[in-house]
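What follows is one chain in C-alpha cells, specifically the form predicted on its own.
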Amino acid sequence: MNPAALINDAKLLSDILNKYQNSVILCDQNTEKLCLPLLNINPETPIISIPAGETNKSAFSLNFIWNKLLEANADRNTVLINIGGGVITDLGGLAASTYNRGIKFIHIPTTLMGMIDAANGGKTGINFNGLKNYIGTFSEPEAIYIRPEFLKTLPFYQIQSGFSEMLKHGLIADKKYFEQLISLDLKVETAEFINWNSLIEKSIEIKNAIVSKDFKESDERKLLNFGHTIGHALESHFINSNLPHGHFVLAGMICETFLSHTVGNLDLAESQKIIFSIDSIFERIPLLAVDIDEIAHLALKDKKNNAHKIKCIFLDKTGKASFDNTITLKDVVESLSFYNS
C-alpha cells in the first residue's frame, strides 16, 4: 500500500505535483474554484472538470473522462491527478485503472471523508442503476497527498460527513479513539479549532492496518463496512438528495448497532450508549413508512451479500466488530423502524 502523506506546506505540494510532466487533473466544479487556486500547478496541465455531486458518479461521467483523456493525448505514461472528495477519487481511480488498461493516478482528497477514508484503500467505483458503488476495481494510487488546509473550503455538513467514518473506525477497532471523538465539541463555530491532523492520521492508521491484511475484501476488510449495509440502501433510496455519504453511514451505524444487540451479542446498555453518543452529535434523517419497505428491499441488492443473504457487520463491543453476520429483510425493517421511532 502507498501511505498517505500529510502536507501542510502549499509550495511543497505544488512542487511535488509539478514534477509529473505528463499529467492531467480531474476535479469537480467546486474544487476547481476553491482548491486549485491554492495549488501553484503548471497552467499548461490539462484539466477535466465535472459537475459536483453524487449523481455524477456515473457511467456517463466515466465515459466523459475517458474521452477527455483521449483528447489530451493521454497514454500509459500519463498520470491522472484526482483533486476532490470521494466522488472524484472513486471516479478518477476507476477511469485511470481502466484507460489504456491502466495508467498511474494520484489522489489529493479535499474533503474530510476523502482524507480519512475514500482516497485510502485502493477502491474505485461508480454508482450503477441507483445502486451505490456497484461497478469498480481494486487499484492503488501512485500516491496520496493530504492537505488539511482544504478543510477550510468545506461547508460544515461535509465535516460532519467525514466525522462519521472516523466514528466508525473507533467503533470497529479502537474504543479510546471513539471516546476521544465523541468528547469533541463538534459544532460549526468550533470545527476549525479541532486538531484535524492527528485525527486524520489516526483514522488512516486504523484503515490501513485492516486493508494491509485483506486488500481484496475477502475477510477482515469487511469490518470497514460497518454501517454501510443499511447505510448504502438508504443512500441508494435518497440518491438524488443533497445529503453526503457520511450522513447515511451514521444512520446505518445506528441501525446496525441496534441489530448488533437484537440479533448479535452486543450488550443492551452498550448499544444504547453508542446510539446516544451518535444522536448527541447528529440529527436523524426523517423517513416515511413507505421509505422503510423500499430501503429494506434495496439492502437485498447490496454487493456484499452472499447467496442472496444479507450480510452485516456487528459490534461485539465498542472497539471490536465481527463480519459475515446474516440478517433478514425483517431485521432490516425492524432496525429502520427503530431508527425512525
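What you see is a predicted model, and the numbers here were worked out from it, not measured in a lab. The first residue of the sequence shown is number 1, and the count goes up from there.
Heads up, the form predicted in complex with a small molecule isn't pictured, but that's what we're talking about next.
> Is there a non-hydrogen atom of residue 158 within 4.5 angstroms of a non-hydrogen atom of the small molecule in the model of the complex?
Residue 158: yes, in contact with the small molecule in the model of the complex.
> With the partner left out here, check for me: in the model of the complex, does some heavy atom of residue 78 sit within 4.5 Å of the small molecule?
No - in the model of the complex, heavy atoms of residue 78 and the small molecule never come within 4.5 Å of each other.
> With a 4.5 Å heavy atom cut-off, would you call residue 140 a contact of the small molecule in the model of the complex?
Residue 140: no contact with the small molecule in the model of the complex.
> Using a 4.5 Å heavy atom cut-off, state whether residue 292 contacts the small molecule in the model of the complex.
Because no heavy atom of residue 292 falls inside 4.5 Å of the small molecule in the model of the complex, the answer is no.
> Candidate spot 35, 86 and 110, all three in 4.5 Å heavy atom range of the small molecule in the model of the complex?
Yes, the whole candidate spot contacts the small molecule.
> Of the residues 272, 58, 30, 49, which one places a heavy atom within 4.5 Å of the small molecule in the model of the complex?
Result of the distance check: 30.
> Exactly one residue in 154, 103, 181, 223 has a non-hydrogen atom within 4.5 Å of the small molecule in the model of the complex; which is it?
Exactly one residue meets the criterion: 154.
> Spot the stretch among 311-319, 66-74, 278-286, 49-57 with residues whose non-hydrogen atoms come within 4.5 Å of the small molecule in the model of the complex.
Flagged stretch: 49-57.
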